[in-house]
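Have a look below at one chain only, the form predicted alone, in structure tokens format.
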Amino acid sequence: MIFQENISLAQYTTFKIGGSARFFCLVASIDELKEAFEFAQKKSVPFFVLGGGSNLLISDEGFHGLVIKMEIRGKKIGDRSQKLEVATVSAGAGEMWDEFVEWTLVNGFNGLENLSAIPGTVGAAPVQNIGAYGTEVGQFISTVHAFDTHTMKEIELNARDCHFGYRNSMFKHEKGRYIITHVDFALRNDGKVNVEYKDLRNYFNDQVTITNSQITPLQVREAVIDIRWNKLPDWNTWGTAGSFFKNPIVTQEKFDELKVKYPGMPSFPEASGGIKIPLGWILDNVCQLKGVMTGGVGTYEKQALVIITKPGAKALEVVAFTQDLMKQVKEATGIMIEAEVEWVN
């Protein structure tokens, strides 16, 4: 393997921000992954696994350790259960997520179409338990294959082991222990779609020639892509990590209190309990923060939940700007919001 030194990390993130990695390598197999981990141990430096770089904010000083760029690839269709019309579909952690979603649909397996156009890699999907348009990836994961850095062994974790929650999983709470190498998904081939989410319902209601029974998984994918790109900035023009914050989940009592103050506030019941409030609505309608720019950092004009940066912006600018947003939301609503984006330094 080749271990490079002082490699700029800005080129590997969608924010296009960040200093250099002290050491950097690409891993395309489990053996290479083990070698990389042993290198970090020998050098007595921390390590960080980099996927698509779409949910990261890397400090201006960079990372004084080893950055392992995950490149383990491969997609396959495993055993099919005829009774349940389900098949195991597997992918390497380094596969690009959206390309994998498209591949599953082309091969006749549905379930992941609502998660189309999400940037990043397959290996990052379980960590964040990515979700969109009424679907979370944890609903379809059967097994996560990982390298346990404590035991130096390959292990398998089932969905229950992963403790999936809203934008959350066990991997977030045991950072550095498990390096995901492959993910197995239990996908259907029954053609059934989920278009209950408001944006999708509205989209297909506008397509008067299409009834629910006629909507195909590929059409749902096309709709999701269309909706997302109408809400998100051009990744070639702006630096961004998409939605920067999680939608807050509050108690029914807290929501009732806010509803009195802000009658138009929307909400969604959360499966694990509580009420989820769209943070974009709060930022826009309560704090009037849509399309606000301070220096090289701002909120996107079409979606206040999305933070954008101009070329040359610094990580500390993003930190200062988002901390100010958090303060304003806290003052207006009493809610302490939480970032989705991971800070790396």
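What you see is a predicted model; the values in this text were computed from it and never measured. One-based numbering along the sequence shown.
One more form of this protein, predicted together with a small molecule, exists but is not displayed; see below.
None of the heavy atoms of F39 is located within 4.5 Å of the small molecule in the predicted bound form.
The small molecule in the predicted bound form is approached by K246, whose closest heavy atom lies within 4.5 angstroms of it. Though the partner is left out of this view, A304 does reach within 4.5 Å of the small molecule in the predicted bound form, counting heavy atoms only. The small molecule in the predicted bound form is approached by D284, whose closest heavy atom lies within 4.5 angstroms of it.
Note that among 98-106, 215-223, 228-236, 137-145, the stretch whose heavy atoms approach the small molecule to within 4.5 Å in the predicted bound form is 228-236. Contact with the small molecule in the predicted bound form, defined as a heavy atom within 4.5 Å, holds for exactly one of D199, E270, E174, E154, namely D199. Shown without its partner, this chain lists F164, Y178, Y203, Y133 as candidates; in the predicted bound form, only Y133 has a non-hydrogen atom within 4.5 angstroms of the small molecule.
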